[in-house]
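Shown below, as structure tokens, is a lone chain in the form predicted on its own; questions about how it binds or moves come after it.
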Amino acid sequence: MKTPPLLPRFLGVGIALSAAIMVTGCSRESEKPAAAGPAERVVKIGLAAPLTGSEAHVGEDIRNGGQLAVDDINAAGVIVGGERLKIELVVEDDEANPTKAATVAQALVDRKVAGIVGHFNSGASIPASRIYAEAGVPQISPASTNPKYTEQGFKTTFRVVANDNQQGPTLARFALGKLEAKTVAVIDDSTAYGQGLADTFSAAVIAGGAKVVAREHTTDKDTDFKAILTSIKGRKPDVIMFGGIDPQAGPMVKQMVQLGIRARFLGGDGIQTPNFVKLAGEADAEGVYASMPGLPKAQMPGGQAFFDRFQTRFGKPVELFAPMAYDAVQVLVDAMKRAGSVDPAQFLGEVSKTQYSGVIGPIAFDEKGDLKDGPLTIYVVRAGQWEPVETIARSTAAAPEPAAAAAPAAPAAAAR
């Protein structure tokens, strides 16, 4: 038998090996990972609010607003200094207690947070602010309104709501003008927030020519106000103003009705909640007025979309300050982006230069850290719901002057 030539065999084997090498090479090339993206950097933002006790519903609202902002920022893939940020919300319960707030503040600083959203209560924000200032960590309160909070000279202290130097006179002007009050009784809950708001309201009422016929104090733990109200009843005020939070305001209004007191009742942002209506009862809450920093929900630039997403995410509606907490987180991260750094020492200066369009509207700070041109809205309870009556720009929220305008029409049950 004739033996086949060896060369073709070797050529065949060589071609096969070459093809295998080419296929293997292509396969290995296709298996190489894609070019790596920016490295991930975990950045902690602290959030402090009351999460237990009678004010927990407001604290949870603030926490949820902050968490929604964190979700959105992480989904957007924010790049700072060549690194993709992963924001982590570090939440602490300050129990609406000044002493606990200071402890919480130190705990957050020790955990190396880059910024703080909080606190809710002015009485918590004020003592905590010194600790944040000493650590050089920016603090943005979504809710604290006492002027002292930003009057301490700290460069780290900001807020995204109007303060009580605006809110108190605005309430007073509404009482003297639209409600035609000539005499008022004032009660506060002895907290930094409640007493501060009541003080600015009282001063503005007197400046406007009306008379403060009673000035009473309770606490943020009391629920029986019959002794105070009985004393006030004999003085027949046109209006009773309460500086405090809804857990006290609800029972107070209910007891007013039981005692047959027919004065109008109004308060600040601490009572402008669905919880107040629940505690007072829909019938007794009817016709109660309250001020609230910010625009009505329907007028907020990011309003309806935000409220819809909040409802979907958390299964309940916004209670009070969730939009402010959301924007506070966004403002901190916006400052990081502009500074190109997540180091508080580097981006703190950018917080003070903020020009941010938020859910609540334009956000910029004055030299103290107060919100510039923060609006206020007056609400009234009608059929169990808080409805906006009027919105006042900061530039017009000066000391009140008596006005001849008639009081807004209200159901007979409201004419207490």
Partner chain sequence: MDIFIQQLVNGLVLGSIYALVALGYTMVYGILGLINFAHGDLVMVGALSGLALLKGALGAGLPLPIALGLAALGAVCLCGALGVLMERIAYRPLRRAPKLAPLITAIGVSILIEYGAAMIWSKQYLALPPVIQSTTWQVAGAAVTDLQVSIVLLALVLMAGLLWLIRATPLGVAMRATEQNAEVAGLMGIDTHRVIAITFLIGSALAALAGIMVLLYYGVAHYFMGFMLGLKAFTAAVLGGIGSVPGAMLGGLLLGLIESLASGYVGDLTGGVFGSNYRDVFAFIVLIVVLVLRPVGLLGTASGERA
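None of the values given here were measured: they were computed from a predicted structure. Positions refer to the first chain, counted from 1.
Omitted from view is the form predicted in complex with its partner chain, to which the following refers.
(request) Have a look at 158 to 166, 254 to 262, 329 to 337, 125 to 133 and name the one stretch with heavy atoms inside 4.5 Å of its partner chain in the predicted complex. (result) Careful reading of the contacts points to 254 to 262.
(request) Decide if the three candidate residues K148, Q311 and P323 all line its partner chain in the predicted complex, where lining means a heavy atom within 4.5 Å. (result) The answer is no; none of K148, Q311 and P323 reaches its partner chain.
(message) Since only the chain is shown here, I'm wondering whether R84 would be in contact with its partner chain in the predicted complex (any heavy atom pair within 4.5 Å).
(response) R84: no, not in contact with its partner chain in the predicted complex.
(message) Even though the partner isn't displayed, in the predicted complex is L279 close enough to its partner chain, meaning a heavy atom within 4.5 Å?
(response) Yes, L279 lies within 4.5 Å of its partner chain in the predicted complex.
(request) Answer with yes or no whether K233 is in contact with its partner chain in the predicted complex, where contact means some heavy atom within 4.5 Å. (result) Contact with its partner chain, yes.
(message) Would you classify T52 as touching its partner chain in the predicted complex, given a 4.5 Å non-hydrogen atom cut-off?
(response) Although its partner chain is absent here, T52 would touch it in the predicted complex, with heavy atoms inside 4.5 Å.
(request) Go through Q346, Q152, Q304, T223 and name the one with a heavy atom inside 4.5 Å of its partner chain in the predicted complex. (result) Selected option: T223.
(request) Would you kindly say which of L68, V380, A56, V43 lies with a heavy atom within 4.5 Å of its partner chain in the predicted complex? (result) So the residue touching its partner chain in the predicted complex, by this definition, is A56.
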